[in-house]
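Both blocks below hold the same protein chain, though in two forms, and each is given as structure tokens: structure 1 and structure 2.
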Structure 1
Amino acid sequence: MARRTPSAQELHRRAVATYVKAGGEESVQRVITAVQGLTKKLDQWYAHQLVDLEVTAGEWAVVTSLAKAGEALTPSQLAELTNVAPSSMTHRLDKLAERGLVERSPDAENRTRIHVSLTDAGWQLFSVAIRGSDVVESDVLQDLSDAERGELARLLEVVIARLDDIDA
């Protein structure tokens, strides 16, 4: 039994202090660190849930990317969206196609491209998993009022809107 693992709150506090000491601006680090800490916790919970569905985190990322896009995507786009090398996507898609969760079809206009889309089974898996994760996500925000959730969402969306301008 290890020395008690520090709470997420304590980890956050220390992380911000470390970054500030290293020269980071406090208001920036409080936000960035909290966002990353939250995502990490969410990822851990998702991974736990996905075991039951016999899907790896990487495979789940492909399924959600396709679901969220609302249209067919190419292997390259999926690699970009899921932060993985294009060559890795080939194998992932092989496995997903083998299980009947996605299907590949040729692009009519450009024969170097391939369209990847969710099958009915893929959509079904997506729905099942979403119902599970939504429970956790609601719990996470339960200490915020409706007004606070709206404000939090608004502020985050201001940040999101700027993302593309930065890496351009």
Structure 2
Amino acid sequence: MARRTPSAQELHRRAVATYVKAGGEESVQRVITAVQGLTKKLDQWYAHQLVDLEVTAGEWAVVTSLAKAGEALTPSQLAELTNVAPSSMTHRLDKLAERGLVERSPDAENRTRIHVSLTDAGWQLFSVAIRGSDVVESDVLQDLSDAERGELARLLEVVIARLDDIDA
């Protein structure tokens, strides 16, 4: 007889119990384990989405970095933002430029410096991906009212603000 796969809720409960048994504080473990489980599940979905969009995770990191920056960035800035070596960034930018998703242009003040920006096609890819993931993310939160979503967002933003104060 095949064993049934435990639900996400059951896996969460077991993990919290294990961490508490090892000395963790229950309320902390409930929150952190839930965030980790949610992140893991969404990351799996996002990985499938990138395959469907024919974009690697590294290429997606460049697209999102440019979109979030709202301005052109240098390859060095992109390499730093995405945690890769400059040579790897050059390869990523070559592939994205070949697909028409980014464009390189020389800096008007320093002709040795290159700026990279999203093309209209790059913005369109970004938009399609965000709209697709918003459907799944909305499904994840469907059991929460608008007020509960707002409160959850507010509480998580308080936690995020604290992250800069923690030495890791």
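Residue numbering: sequential along structure 1, first residue numbered 1. Here the structure is a predicted model, which means the values were calculated and not measured.
In this comparison the chain labelled structure 1 is the form predicted together with the DNA, and the other chain is not.
Between the rigid parts that turn between structures 1 and 2, the hinge residue, out of Ser87, Pro106, Arg131, Glu71, is Arg131. If you fit the larger rigid part between structures 1 and 2 on its C-alpha atoms, the smaller part is left turned by 18 degrees.
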